[in-house]
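Next up is one chain by itself, shown in structure tokens, the form predicted on its own.
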């Protein structure tokens, strides 16, 4: 069964419920949350239905119903508990293209009833295509706790201002950016706090500001996408993706991260890897400036954290130099993601008192350049090195560390694609790593943890390289 969620107008034409018992009553009460009145076909209404009829909420119709009763209805629910009658009603409704639902008989339904979170003008409908209604109910309970009680009122105020905003703000990216600022700003906060007077005042001020600067430029948001697992995106990062007109993303995105983007957003890959660029940094900078000057909200989406070996600083520089409004949303960096995945601490008072983040290659994708780090000062055995982008230069780094006084037996764990389904971990020592270029035989984004913390017990599967001989590499697999 493939169903598409829609909302049906029950104001212009009334819904019809067939049945007069408790089951029908529950459906009628649900419909009355939105419909002004409901037609009810029954010859034996229960007392609660007669009371609703007395108050004008329902109109009672004699049964059996005919084609005339069904034609033109917004929807029909047949809740008679009579298999033959329910099937007859379903057939008539389908013949006239009227949406029909028969509780607990999906083969007679052309639509299903959702679990609803009702906040006035804001309605969240949850459906499972009839597969797991209790699950839908559980999800509704969770959303009931999450959605602000006055969010429907916020939507009503926005409705009142729509024509005023349309007259002041050009359609497209600028108008969308206006509403994004409104819903995340002081005006919305005031309305949600039950101070509508202040909220309206602030909203009018925002409109006046827009009128004075009608050609206001867009904005840039540097967003950290984390290590790849979309569940590790921050809530603020998800909101940024939902607001973006353009997303410039690198090649480190885990599957599912871009699923959070707005459907209309333009997604542009600017993937880079060592020695291979689809676009240079200067070209990426030029794209950012061009899109922002078109009034668009541009998200520069980077794996990990944008300000840790992500060239976020260069993009901040170009934004400031060109007067572009910029925001930075941090992400979970690879080192903390690896530590969490392995359940291995970066620091431990018995074996490591500090952590140093090191890049495995120089600016411009140059060769290994480790002179900026005083490895000898860290050779006491109580430090942890987190080495980013260091696969191709790992053997050079290992030799440099040993030459700086690090013990050849210092443990190392290399992890590729941390937190993703194809994550791999390889454990060895500095001595083995220094012996041969390419000993790790990993691909994809990887991080090396160097130090005594790498000797601690870790969670999950680890490939261990015991030694490397001139003619072969011996490895064994163990479960920690």
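Numbering follows the first chain given and starts at 1. None of these values were measured; they are calculated from a predicted model.
The same protein has a further form, the form predicted in complex with a small molecule, not shown here; the description that follows concerns it.
Site test, 7, 75 and 110 vs the small molecule in the predicted bound form, non-hydrogen atom cutoff 4.5 Å:
The answer is no; none of 7, 75 and 110 reaches the small molecule.
Answer for residue 417 alone: is it within 4.5 Å of the small molecule in the predicted bound form, judged on heavy atom distances?
Because a heavy atom of residue 417 falls inside 4.5 Å of the small molecule in the predicted bound form, the answer is yes.
Can you tell me whether residue 370 touches the small molecule? I mean in the predicted bound form, with a 4.5 angstroms heavy atom cut-off.
No, residue 370 sits far enough from the small molecule in the predicted bound form that none of its heavy atoms falls within 4.5 Å.
Flag residue 451 as yes or no: does it have a non-hydrogen atom within 4.5 angstroms of any non-hydrogen atom of the small molecule in the predicted bound form?
No, residue 451 sits far enough from the small molecule in the predicted bound form that none of its heavy atoms falls within 4.5 Å.
Quick one: is residue 199 in contact with the small molecule in the predicted bound form, heavy atoms, 4.5 Å cut-off?
It does not: once the small molecule is placed as it appears in the predicted bound form, residue 199 has no heavy atom within 4.5 Å of it.
Which of 24-32, 431-439, 408-416, 47-55 lines the interface with the small molecule in the predicted bound form (heavy atom within 4.5 Å)
Within 4.5 Å of the partner lies stretch 408-416.
Tell me, which of 151, 389, 328, 355 has a heavy atom within 4.5 angstroms of the small molecule in the predicted bound form?
Result of the distance check: 389.
Could you check which residue among 86, 305, 245, 315 gets a heavy atom within 4.5 Å of the small molecule in the predicted bound form?
Exactly one listed residue reaches within 4.5 Å, namely 305.
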